[in-house]
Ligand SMILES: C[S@@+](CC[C@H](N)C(=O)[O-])C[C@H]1O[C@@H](n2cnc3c(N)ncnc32)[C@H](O)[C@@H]1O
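In structure tokens, one chain follows: the form predicted alone.
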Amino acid sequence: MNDVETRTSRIEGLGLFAARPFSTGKRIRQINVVREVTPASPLREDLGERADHCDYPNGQIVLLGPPDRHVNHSCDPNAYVLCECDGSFLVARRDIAAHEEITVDYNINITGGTAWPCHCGATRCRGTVVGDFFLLPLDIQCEYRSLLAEWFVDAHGDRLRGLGLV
């Protein structure tokens, strides 16, 4: 059974949508990582590979394949990325209805990223995807603390402790 589908999104271009309901805490799918992007294996624009199809776990740059490259940002996401030793998974942060767009907050597990205007349309839209967990409002950082990857907590433990998040 195909649990997700890609189609036009009101947020941006294409989006990933639930083909069936998902309960809070349930894994939606394992994220399709095509490969690590390195100087020896750079993005190939001639093949349609783009920087906005990448993720940045634990100091790496990885190219996401379909359909996961189409997961859009939301300032009030219904899913998050769970990083485990055997891969990364989209997990429902709250109940997701069939045909609802699956979204994540791009500001989780990242520092020093690029900022751009947000068009997610969420009631609590912050207006900007800041590209840095530590630039989020403290109440959002506290809300997201349990969603942080272990590698991110290990790498930024001092900063998290300074905020009372560890």
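What you see is a predicted model, and the numbers here were worked out from it, not measured in a lab. Residues carry their position along the shown sequence, with the first being 1.
The same protein also exists as the form predicted together with the ligand; that form is not shown, yet it is the one meant from here on.
For the ligand in the model of the complex, the listed stretch (132 to 140, 114 to 122, 35 to 43, 22 to 30) containing residues with heavy atoms inside 4.5 Å is 114 to 122.
Contact check for Leu147: every heavy atom lies farther than 4.5 Å from the ligand in the model of the complex.
Contact between Leu14 and the ligand in the model of the complex is found at the 4.5 Å heavy atom cutoff. Within this chain, Val71 lines the site of the ligand in the model of the complex, having a heavy atom no more than 4.5 Å away.
Residue contact with the ligand in the model of the complex: His53 places a heavy atom within 4.5 Å of it.
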